[in-house]
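What follows are structure tokens for two forms of the same protein chain, given separately as structure 1 and structure 2.
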Structure 1
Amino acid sequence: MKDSIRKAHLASVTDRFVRGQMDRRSFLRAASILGLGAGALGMGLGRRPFYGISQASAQEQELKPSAEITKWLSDVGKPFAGTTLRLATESTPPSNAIATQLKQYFEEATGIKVEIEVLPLEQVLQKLTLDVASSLGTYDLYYIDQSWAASFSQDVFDPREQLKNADLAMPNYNIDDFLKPLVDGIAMYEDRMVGVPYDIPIFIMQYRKDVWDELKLPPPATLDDLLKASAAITDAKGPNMYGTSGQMKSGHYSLECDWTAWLWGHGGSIFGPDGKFTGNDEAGLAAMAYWDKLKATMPPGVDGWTWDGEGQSVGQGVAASMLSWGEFFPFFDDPKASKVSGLMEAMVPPKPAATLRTVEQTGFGEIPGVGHQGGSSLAVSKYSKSPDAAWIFMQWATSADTQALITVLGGGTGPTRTSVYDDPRVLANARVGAGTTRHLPVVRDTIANYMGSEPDLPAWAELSSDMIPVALGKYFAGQSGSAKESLDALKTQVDDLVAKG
């Protein structure tokens, strides 16, 4: 199939799905066939776990772009004054901070207007596919989920090439400052750099230190520590408080995210090097046995929760811990939104119960690690009518100075640049309160040393957002027999689907 025809088909099915003319399962299957890694739509079909739950907290700092950056914007932007740039993006902390608090500085300095549409992820994909298929250049910048990088790698400029234009290059932009695991895991497809890393949701350990201290429990440094502590807390404080929580809604992508963390943490993997499903092997069954015991320490409603329910259970004091998205932590510290402000502690994910498999021991580029990650890139569209102006905006939006402002104003989101973690403005916000950054050293360590990434294959959209979480949901509902019987049946389904290509 010619690439132009594939893009047209992809745009059509995405548009039909968003308009409600195609069901979710049919869309995922069609998207897979057309080569779109749409696994993240499992998130878009709900919403980002951190959507709007922690508002910016400027504190006493004067938070404005640096005078040097503003001077550069003023000089380089003059020829493009009067231009209007457009970006469609998911509601993420970076996008929200730029749209509501920061773009005014860019617009005042350059005379370039920026229109940012903040939309559910499936609508962002709809806008992107239609724009690419038509080549109209309605949008100048693309928000690209990591699972879309392969599909749109030829539709955006490689930022390394753009940097060669010295007339437009921001001083000290330093592309090597982006955290390498994120560049490799989010922004690279084959030899092309598909934008630069824009945001990074990732699993970290978050727990109630006051409860742990009261019961004299060791911090959950290992999976065994977490299980024992969770059981002890549930025994001591249930039914008012449970030891830990989860995002275990049947058929939802969130359940797949939890599964991979436990699976990888027990030395397992989704696929072997031959491309066959291995989630039902000895390590996979050990993970399920562990998960069964851990679930017994969770609140009764966990079977119906995605990340929102999980986060709320901790924020409202119903559960004492969770291994989940780090961007919840600033919400927990917000006294207006949660009952646990100042009581939570962040740690790197618990140490695995068995040696992690290497990438060579898995399939489709799967990277085992308890710190399950998501993420996105920002790129300039090749169809933009104003690519130079868009490149100026993109450099500003992803520069170290702007990332520091986003991190503080945007609710403690995890920076994608190394230097931002050490920025004085970010460090100054490492105190209890809304939008705290006191968890970010843990996020940085997790990205560098404990990050796990899902496999990359066409069928992954359907597997991650439908087949696997449906099978797991049936198991926990007692509808599919033992763990071995359930996973053996899942293996047959997965291998059949992957074999179809």
Structure 2
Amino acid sequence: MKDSIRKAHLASVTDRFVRGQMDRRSFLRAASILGLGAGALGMGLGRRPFYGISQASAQEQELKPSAEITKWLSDVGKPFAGTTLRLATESTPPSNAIATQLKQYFEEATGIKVEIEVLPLEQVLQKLTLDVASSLGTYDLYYIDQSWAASFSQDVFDPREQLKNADLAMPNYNIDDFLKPLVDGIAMYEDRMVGVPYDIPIFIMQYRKDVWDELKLPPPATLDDLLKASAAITDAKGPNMYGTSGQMKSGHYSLECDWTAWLWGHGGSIFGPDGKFTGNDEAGLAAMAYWDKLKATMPPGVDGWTWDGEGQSVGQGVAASMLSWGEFFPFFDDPKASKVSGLMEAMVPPKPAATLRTVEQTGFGEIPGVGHQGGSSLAVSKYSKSPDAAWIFMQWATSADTQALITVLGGGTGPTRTSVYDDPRVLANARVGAGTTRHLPVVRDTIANYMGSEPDLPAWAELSSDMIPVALGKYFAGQSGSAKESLDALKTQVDDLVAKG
């Protein structure tokens, strides 16, 4: 087909879809044939930038839920036909894949309608907070960021308890298949399981192998390697290219994420076992000294970037590496979106500069590790008017089969189940190109061996999204004196807030 004719057809079907003259399924099928990725539907929906649907993979494979799962849904869902379930979620790979491509299969099999609201993360928190404060049950399913686990732990069903209802239990759901470090890091608060792991962005090392080879640099296996290589690249190629990048926007959660990686990597921790702030101790100051040197090798705009700007800086060839979210990797491999397709290499995070603290040496369940983990859980609200129907949906959405489909459709997100990493559909996508999964072995290894996880306490949402990143932002803006003065002031603020509970 000539390109001009293809584009004319594409414009025509898009026009019909927008005018409501064509259902979504037909549009997706037509658009897929004409070469338009379904990711276009999700454009601009959320703040996490690179969560499109993998056009290449969606076209190459027949991606549908297994017949066995569909039959179970059909059997168990019948009594709930006509029910409407609601979920408020951030724009994440699982939610986007389910909302745009997969939920139709669930709805057809069960007769249960699913409404998914995709919102910026802070708005999800507002909606959930209002929902629990009023106990209205507006949302049947809660998308719970790992930093809110403590806050919502009493407002959701523990999935281990729900599984005891044999009538509604999905055959072979296998809760033990979820990666244990994720269960501990994302879903557990004290003795309660706050949903099941649903989404796992995690820091991995991503670097331009061509640049490293050209300058004969050793792969960034240690933090010291990373610093030396970054400085060498900036010296050799700046100001056209810088050695590494960051997400250092003052006052933004992303800055706190970067900080923890360096802090943990220098043997420090946010809290001590007594629940007091320890980010200002010797290890904390060493981390800041390292960070200052590393920042000098980053592009000038780094103080204004969240993960979006950081990813773009690497994707557009401005920076040669980043220790950041692995979800960017499939975007880097997409030749239509980035200038570095096929040039990037993924590896586990650099080795720490000092021995990591143990969980016992930290506070509030903090797990030190250079591979900073984000992530969220999915749970059924205790205030839901249809908890059983919501539980059926939750099992389907987090089952191994659906998770595999999400991984392939969702642009290379890290699966939360062990079995999904070995799924043939996922392995088949491990090649250079859009939506690649070739970085997933590194993600798996990082989760198992190098993962760092933030503490769980009710005040953590405020600490991680405001107090800490504002204090760090002031430091880098030169508003608060030396690193020691800044962190000492931060300690006073943090300890006061934690003491208030």
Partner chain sequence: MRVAQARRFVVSDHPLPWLLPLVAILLVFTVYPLIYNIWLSFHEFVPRRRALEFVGTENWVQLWNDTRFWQSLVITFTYFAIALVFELVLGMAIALLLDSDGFGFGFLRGVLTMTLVIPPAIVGMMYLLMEDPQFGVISYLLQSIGLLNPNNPILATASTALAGVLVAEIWQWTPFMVLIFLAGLRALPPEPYEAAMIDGASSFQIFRRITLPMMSKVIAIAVLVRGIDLFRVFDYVFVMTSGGPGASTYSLSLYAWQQTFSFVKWGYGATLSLVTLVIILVIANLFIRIAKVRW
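A quick note: this is a predicted structure, and the numbers were derived from the prediction, not measured. Residue positions are counted from 1 along structure 1's sequence. Basically, rigid core = biggest C-alpha set you can superpose within 1.5 Å across the two forms.
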Working through the pair one at a time, identify the form predicted together with its partner chain and give its number.
2
With the chain divided into two rigid parts according to how it moves between the two structures, are residue 72 and residue 194 grouped in the same part or not?
yes
Domain reorientation between the two structures, expressed as the smaller rigid part's turn in degrees
9
On a rigid core superposition, how far has the CA of residue 462 moved between the two structures, in Å, if you could check?
3.9
After superposing on the rigid core, how much does the Cα of residue 495 shift between the two structures, in Å?
4.3
